[in-house]
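Only one chain comes next, encoded as structure tokens, the form predicted alone.
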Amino acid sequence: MTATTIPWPWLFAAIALPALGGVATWPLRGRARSATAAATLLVSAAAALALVVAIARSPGPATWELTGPAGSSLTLVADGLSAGLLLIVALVGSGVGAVALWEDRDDARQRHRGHWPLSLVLWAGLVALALVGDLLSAYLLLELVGLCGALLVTFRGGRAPLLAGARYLVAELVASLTMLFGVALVWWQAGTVAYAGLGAALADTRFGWVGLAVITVGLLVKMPLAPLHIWLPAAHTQAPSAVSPFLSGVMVKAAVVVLARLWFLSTPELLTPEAARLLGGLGALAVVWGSLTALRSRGLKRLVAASTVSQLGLLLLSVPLVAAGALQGWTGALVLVVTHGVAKAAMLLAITCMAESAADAEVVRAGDGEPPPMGHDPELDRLAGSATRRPVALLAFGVAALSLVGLPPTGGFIAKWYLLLGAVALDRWWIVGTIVLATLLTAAYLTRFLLPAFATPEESPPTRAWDARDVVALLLAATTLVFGLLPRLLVDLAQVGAPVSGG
């Protein structure tokens, strides 16, 4: 292990505790299962946050070499990139878990038996993915994460969630086979899959760059990047309320972290300016594609899913900046990973609360008649008046919207500010234009819901205008304000193990 202040017990606890807790919840039922899940969430979040704090205080990245049977070994790396993923797993995972436990308080048996085992194993897989130091382990963990996510999507029951989960699995299969072929090609050319030294090993090979390109295509499908995002809208809209925030806020970042570690921390010398511009151009396409899709969306969850596509495109705009030596792009991208994760989770939790109140209001208006079903993806016009019915949830949605637009004093503003600094320093005005366009389009499609939400509803306001879920959504949204008012928290974290400027 390198000289560092990071204690290895926190590392072990952050990975092992959620996995063990997930296994422990499988045979349990009722309140015993909920109690075990609650304890696991609490301790796992504490371990992950403690590891993030240790990384932030460390003078540099730390590495561990774990030796197994038959001479096998596994390298773990703890740096700022690792800490970014660990942070959103802890924040969003504990928030979504608290909501699921609150929903289980009356009858925990209503929750699908596989929810807690899969959710906690998914947590452990994401934490391990943030720390592993080789491509093969990253590939295997991406498969674990993708499988858990697809199964969780189907737990709502019914034909639509089953089809959404099946589409998710098919996309994962295509991405997996593509990435596996690329990993095999890299291994054949370099003789290793360890991130450390991979660039030097591939420098003089004939087909090493082909393997890296194939891996990149697989990762872009897993992200997913438009127009390769065909599985995302259905999966996010059909997933249960205790799943979709984690899916949209955290899981889509897993492939982003692997992509960043592969190109910027392992093989930066192999990323040509042309390839970097291509990835940045794909990001600009995703920004426009996702934003226009959101402007046309009638359902609020589908609008938020399209917004995720656009925000992932913003992340790829950092590629040509970092490749050219503007490390403000690296900082902006890492801040965006964290702030987008918590903001999107807050939005989706708030949508669930507002949709429930709107459905109850339609029952009141219908009287003895049968109101039309609200559906899993509530239409925008049917949520009008949410400010009166569910003010705390709408406040959470509004604060999260400020961060996605990129307005001060939110973390989203800090992320876009650093991306703009890098683009201006390199005279990449097309990136500046894309970020400005993304800001305007994001404000436009979010305003489609926010303005009608303040309309006065016909029915009387409910007796209970908020519950624990609204509070969790507001707390998650408030973290974007914390990161905006105290930007050094994430900016300094991004510098631990950041790429070395070559520009």
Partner chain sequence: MTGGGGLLLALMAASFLPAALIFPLPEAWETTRRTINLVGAGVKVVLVVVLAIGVFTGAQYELRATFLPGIDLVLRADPIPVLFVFLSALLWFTTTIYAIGYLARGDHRSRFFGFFSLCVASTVGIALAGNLVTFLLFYELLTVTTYPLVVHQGDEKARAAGRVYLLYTVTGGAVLLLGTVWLQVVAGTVTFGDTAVLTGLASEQRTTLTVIFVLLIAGLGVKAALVPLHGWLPRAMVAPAPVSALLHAVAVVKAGVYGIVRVVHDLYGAPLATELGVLTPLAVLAAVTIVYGSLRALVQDDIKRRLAFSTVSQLSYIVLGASIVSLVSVTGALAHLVHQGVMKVTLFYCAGILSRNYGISRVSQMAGAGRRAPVTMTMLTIAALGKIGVPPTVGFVTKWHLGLGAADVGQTWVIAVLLASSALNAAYFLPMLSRAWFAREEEVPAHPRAASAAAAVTPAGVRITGSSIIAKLREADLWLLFPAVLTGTSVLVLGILAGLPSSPVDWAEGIARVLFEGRP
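Numbering follows the first chain given and starts at 1. Source: prediction; values computed, not measured.
Although not depicted, the form predicted together with its partner chain is the subject of the following passage.
Across the options 212 to 220, 194 to 202, 402 to 410, 250 to 258, residues that bring heavy atoms within 4.5 Å of its partner chain in the model of the complex belong to 402 to 410. Proximity of Ala387 to its partner chain in the model of the complex falls within the 4.5 Å heavy atom cutoff. For Leu420, a non-hydrogen atom is located within 4.5 Å of its partner chain in the model of the complex, even though that partner is not displayed.
Under a 4.5 angstroms non-hydrogen atom cutoff, its partner chain in the model of the complex has Lys416 among its neighbouring residues. Using a 4.5 angstroms threshold between heavy atoms, Gly484 counts as touching its partner chain in the model of the complex.
Of the listed positions (Ala478, Ala455, Ala35, Leu42), a single one reaches within 4.5 angstroms of its partner chain by any non-hydrogen atom in the model of the complex, namely Ala455. Taking Val174, Val288, Val424, Leu380 one by one, only a single residue has any non-hydrogen atom within 4.5 Å of its partner chain in the model of the complex, and it is Val424.
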